[in-house]
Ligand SMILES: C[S@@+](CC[C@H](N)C(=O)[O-])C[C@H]1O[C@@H](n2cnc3c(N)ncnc32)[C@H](O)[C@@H]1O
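What follows is one chain in structure tokens, specifically the form predicted on its own.
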């Protein structure tokens, strides 16, 4: 590892996630069998998300065929317009299914593949969502379009996609945090949903091993800005996807499997929690449950950062005693005209 970079040793965490108890759910959200239903839905969405990654990989990878890569969103448009799997996509699915497992991503994804018919079925499911998100949504404008895409994400498979742009947003967030809390030192940090560029929807890069840009950036940002002592800082990463957890542990990071809707960590453990590109997968009530579980584990002077501008986030933050401290939008690096948000919550002074 490079000299001067913080080293994290994976170990058994003394603060292991535990199941949420019914009495810990905000009264307005308590429903019989709700947590069990969420766990079942999460399992299905994890399964769908992993198959989405496989299809995106089969369309783009150069590791198993010389056929030209296909941009998944364009394949989704062709699929919708023709009503059948396009010939170029079918040829790639054939090549992927016929290939022998090699190393890295290809080996893992190829071994997961069942029959050729299943590949076709999963392609159609994945492309149906992608068409609606990338093309059907463009028929709408403003709030209507945002609401349409938001509802799509609340039922789609759980993706682990991440990119350098996510790192750019965290750099901005850390600059704002230093300005909001110039004297505060952050020793224990929670990163929920760090992501891994395993087989992204677009821009697949197989030149190196999968990376978790958020985890790497957060670690280095603290060092550069002296937000914490280099030896005292601990970052705990939690993710619902075991593949992400395994990859981060292999990189020497503290990573644990956790569903932030049905599990929580011990109280008053963290000085900061960062959650980006996770809340869009939750409906308004699930968002309230996630915020309840996350703020439970924060110290009274802690800060919670996320990128969900939905009014429900502000409403639940206020009801839980963690109102919005600061919010802003920023342009997404490398994507002219595209904007993301940063929202900071802090506990109400008691």
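Residue numbers count along the first chain shown, from 1. All values reported here derive from a predicted model rather than from experimental measurement.
The same protein has a further form, the form predicted together with the ligand, not shown here; the description that follows concerns it.
Asker: Out of the stretches listed (28-36, 310-318, 54-62, 280-288), which one is close to the ligand in the model of the complex, meaning heavy atoms within 4.5 Å?
Answerer: In short, 280-288.
Asker: How about residue 158: is it within 4.5 Å of the ligand in the model of the complex, going by heavy atoms?
Answerer: Because a heavy atom of residue 158 falls inside 4.5 Å of the ligand in the model of the complex, the answer is yes.
Asker: Does the ligand come within 4.5 Å of any heavy atom of residue 236 in the model of the complex?
Answerer: So residue 236 does not count as contacting the ligand.
Asker: Does at least one non-hydrogen atom of residue 261 fall within 4.5 angstroms of the ligand in the model of the complex?
Answerer: Close contact exists here: in the model of the complex, residue 261 approaches the ligand to within 4.5 Å, heavy atoms only.
Asker: Test of understanding: in the model of the complex, would residue 240 fall inside 4.5 Å of the ligand by heavy atoms?
Answerer: It does: once the ligand is placed as it appears in the model of the complex, residue 240 has a heavy atom within 4.5 Å of it.
Asker: Looking at the ligand in the model of the complex, is some heavy atom of each of 72, 85 and 121 within 4.5 Å of it?
Answerer: No, the candidate spot makes no contact with the ligand.
Asker: Could you spot which one of 244, 253, 89, 218 gets a heavy atom to within 4.5 Å of the ligand in the model of the complex?
Answerer: If I apply the 4.5 Å criterion carefully, the residue I get is 244.
Asker: Just to be sure I understand the contacts: of 149, 228, 174, 166, which is the one whose heavy atoms reach within 4.5 angstroms of the ligand in the model of the complex?
Answerer: When the ligand is considered in the model of the complex, the option within 4.5 Å is 166.
Asker: At 4.5 Å, heavy atom to heavy atom, what parts of 187-201 sit next to the ligand in the model of the complex? List them in sequence order, or say none.
Answerer: The stretch touches the partner through 193, 194, 195.
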